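Starting off, we have a lone chain in the form predicted on its own, written out as structure tokens.
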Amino acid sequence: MSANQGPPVYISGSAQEIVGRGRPAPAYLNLLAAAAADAVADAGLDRAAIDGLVLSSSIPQPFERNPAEVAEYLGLGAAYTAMAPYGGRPATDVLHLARSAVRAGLATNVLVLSADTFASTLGLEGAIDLYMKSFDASYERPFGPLIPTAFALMAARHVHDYGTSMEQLARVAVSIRKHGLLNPHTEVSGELTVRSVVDDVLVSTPLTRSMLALISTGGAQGFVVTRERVDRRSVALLGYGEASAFMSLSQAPSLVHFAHIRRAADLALRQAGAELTDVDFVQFYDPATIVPLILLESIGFCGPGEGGAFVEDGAIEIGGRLPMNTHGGTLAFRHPGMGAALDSVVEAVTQLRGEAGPRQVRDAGLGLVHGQGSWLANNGFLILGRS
């Protein structure tokens, strides 16, 4: 038994509901139901075998639905229910809650669901208004920041402290776009070049439009977490770690290095009995190209200020030292809302099953998945392994 202090728990079913760019999303409960049906089918189980539900909240309706209501809607009957209701971190938290419930004997087969109708429900103006409320009312909101503003501050500080170049910031977008174009469900088209990214419309200095995440109309994800391995396609949930250090960006001790990120990643690795060198690929939440650079440095894949150089030579591309966001991430696949990082879990499962087709990482045996809330304020990591 590894350092995770318990037997392995498995992701035996995985599903992803695709809406498509510019198309109106189906109703929230319909998305959840579709993800549930597909995940249960992928696990090879009957719905009657499901005795638990963990729900991730959504951006447009964070508390409008509760897990008991959804369980009733799905006809689950008597079941353990729980919800992860905040920020972007539920993408990792929901699977941790399901894993914990299975280990505690509260359930045997737990359905994990997330759905969002981001742009369909809110529209661009509504999304801007909602995210404005994420900033501190006294010290940040009066200055009119947008979500890109927070990441632009990080990027500007990184440039100032370490000499990171616009070309290095652009290289992240170029590399992840390559992966997105290998994903048949991507919402983007056309290759990027470093020059085209640098010369794109400036949104918030120094970040251009191509350095920032998409905004999608909607989507959903579903998983079945089981006590026993259902079949050889089951993927082991080996480790989880989380840590928060602040909420308001103005209270962050640094804009470029976050010690709590290293703590969260180390906790996950320790549970899995693994080292950084064992990780075959990473799926990072990537709302802006500066974020993967900071994550690489804060986790310890490279030293402070070395993230730009790390990505320059193709290290994060498929075939490189550390393939990153092999599905395209939020930069080059989609960003349906709060469940965006759960797309990373779907991709990690796909990679570890060896079913990623042209974007398959060779001999993928261990993956690290990241979810974060706000602006790297609270972070969660999952370690998934081939069973």
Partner chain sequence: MNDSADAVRADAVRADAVRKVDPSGDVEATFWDGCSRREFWLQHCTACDAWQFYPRSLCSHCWAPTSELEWRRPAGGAVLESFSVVHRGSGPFAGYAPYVVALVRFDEGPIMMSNVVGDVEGLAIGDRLELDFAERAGRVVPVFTRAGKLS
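Remember, it's a predicted structure, so these values are computed and weren't measured experimentally. Numbering follows the first chain given and starts at 1.
Omitted from view is the form predicted together with its partner chain, to which the following refers.
**Q** Which residue, Thr149, Ser120, Ser165, Ser244, is the contact with its partner chain in the predicted bound form, using a 4.5 Å heavy atom cutoff?
**A** None of the others qualify; the residue that does is Thr149.
**Q** Taking its partner chain in the predicted bound form as the reference, which of Ser134, Ser204, Ser100, Thr186 has a non-hydrogen atom within 4.5 Å?
**A** Among Ser134, Ser204, Ser100, Thr186, a heavy atom within 4.5 Å of its partner chain in the predicted bound form occurs only for Ser204.
**Q** So which stretch, 247-255, 224-232, 91-99, 175-183, is the one near its partner chain in the predicted bound form (non-hydrogen atoms, 4.5 Å)?
**A** Among the listed stretches, the partner-contacting one is 247-255.
**Q** Answer for Pro142 alone: is it within 4.5 Å of its partner chain in the predicted bound form, judged on heavy atom distances?
**A** Contact check for Pro142: yes, within 4.5 Å of its partner chain in the predicted bound form.
**Q** I'd like to know whether Ser138 contacts its partner chain in the predicted bound form, with contact meaning heavy atoms within 4.5 angstroms.
**A** Judged by the heavy-atom cut-off of 4.5 Å, Ser138 is in contact with its partner chain in the predicted bound form.
**Q** Check whether Arg262 has any heavy atom within 4.5 Å of a heavy atom of its partner chain in the predicted bound form, and answer yes or no.
**A** Flag for Arg262 set to no.
**Q** Give a yes/no on whether Asp199 approaches its partner chain to within 4.5 Å in the predicted bound form, heavy atoms considered.
**A** Asp199: no contact with its partner chain in the predicted bound form.
**Q** Please state whether all three residues Arg270, Cys302 and Glu312 have a non-hydrogen atom within 4.5 angstroms of its partner chain in the predicted bound form.
**A** No, none of the three is in contact.
**Q** At 4.5 Å, heavy atom to heavy atom, what parts of 151-184 sit next to its partner chain in the predicted bound form? List them in sequence order, or say none.
**A** If the 4.5 Å heavy-atom criterion is applied to its partner chain in the predicted bound form, 151-184 yields Ala152, Leu153, Ala156, Arg157, His160.
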